[in-house]
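Here's a solo chain for you in structure tokens, the form predicted on its own.
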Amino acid sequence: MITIQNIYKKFGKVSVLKGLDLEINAGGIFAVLGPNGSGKTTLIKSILGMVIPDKGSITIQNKKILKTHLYRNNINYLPQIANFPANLTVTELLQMIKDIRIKEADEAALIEQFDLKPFLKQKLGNLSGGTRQKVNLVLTFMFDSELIILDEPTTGLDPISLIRLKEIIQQEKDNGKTILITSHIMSFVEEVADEVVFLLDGKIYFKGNITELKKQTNQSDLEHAIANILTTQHA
């Protein structure tokens, strides 16, 4: 599905990605983990074409994607911070995104799942952070795409909405989709992810399933396993 080879990226004098290689097979849920400044966001934005690497190649479904853009229409993306005009209503925003993507959308069931009907005529600027996040999730999942990228998807969600999100992610996996997630909530990652990729200082220090990681670090949960890697590498 995604093949990343020898990716390098600098911002000024700061090296963010340092010869990164990564293979992500089609189908399944993959969590990209790492502390702030590890290169997670740069990696995700490189896959999306929002950052152009200084060196290396990225292919999605066997097609090189650097300096192209049409492939993005087959990616659903939830950014960590989504900035939309505050004066738009939820309904207007949904329609605007459908007009931009020119792709069949199915938002009705998602609106029901996230209890958004009472908010459809309200302006985005008047919504709570959690409600805006639910709107963003509808925008993300209402299109049928093979690759779904979720950057900190649990932010601001109440427990019921979090359950709904996990159900939708599992459903997309069952439909054969490839899902990339970044999150600082290790309990969420441990519950949903098939594999984790751990980045540190622009390099991959682990790729595999969570059971392997816990065994390798001799820890009983993902949070302590990740902490063990950080402690070991910074010792």
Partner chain sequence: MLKIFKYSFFDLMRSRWSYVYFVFYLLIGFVLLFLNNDTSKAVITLMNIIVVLTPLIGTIFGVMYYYNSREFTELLLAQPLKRTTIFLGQYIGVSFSLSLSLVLGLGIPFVAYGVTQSTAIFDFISLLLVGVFLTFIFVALAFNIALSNENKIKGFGYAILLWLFLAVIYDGLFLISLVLFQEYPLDQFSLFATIFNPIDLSRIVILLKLDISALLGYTGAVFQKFFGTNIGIIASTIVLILWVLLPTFRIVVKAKKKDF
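Positions refer to the first chain, counted from 1. Because the structure is a prediction, the values reported are computed rather than measured.
What follows is about the form predicted together with the partner chain, which we do not show.
Taking the partner from elsewhere, no residue among R164, S187 and D194 has a non-hydrogen atom within 4.5 angstroms of the partner chain in the model of the complex. Only one segment in the set 178 to 186, 201 to 209, 64 to 72, 29 to 37 has residues whose heavy atoms sit within 4.5 Å of the partner chain in the model of the complex; it is 64 to 72.
Shown without its partner, this chain lists A86, A109, I160, L120 as candidates; in the model of the complex, only A86 has a non-hydrogen atom within 4.5 angstroms of the partner chain.
Listed residues L137, L147, L150, L93 were compared with the partner chain in the model of the complex; L93 is the one with a heavy atom within 4.5 Å. The shortest heavy atom separation between A105 and the partner chain in the model of the complex exceeds 4.5 Å. Contact check for G49: a non-hydrogen atom falls within 4.5 Å of the partner chain in the model of the complex.
Within this chain, K173 is remote from the site of the partner chain in the model of the complex, having no heavy atom within 4.5 Å.
Looking at I97, you'd find a heavy atom of it within 4.5 angstroms of the partner chain in the model of the complex. Contacts of stretch 1 to 21 with the partner chain in the model of the complex, defined by any heavy atom lying within 4.5 Å, are made by K9, F11, listed in sequence order.
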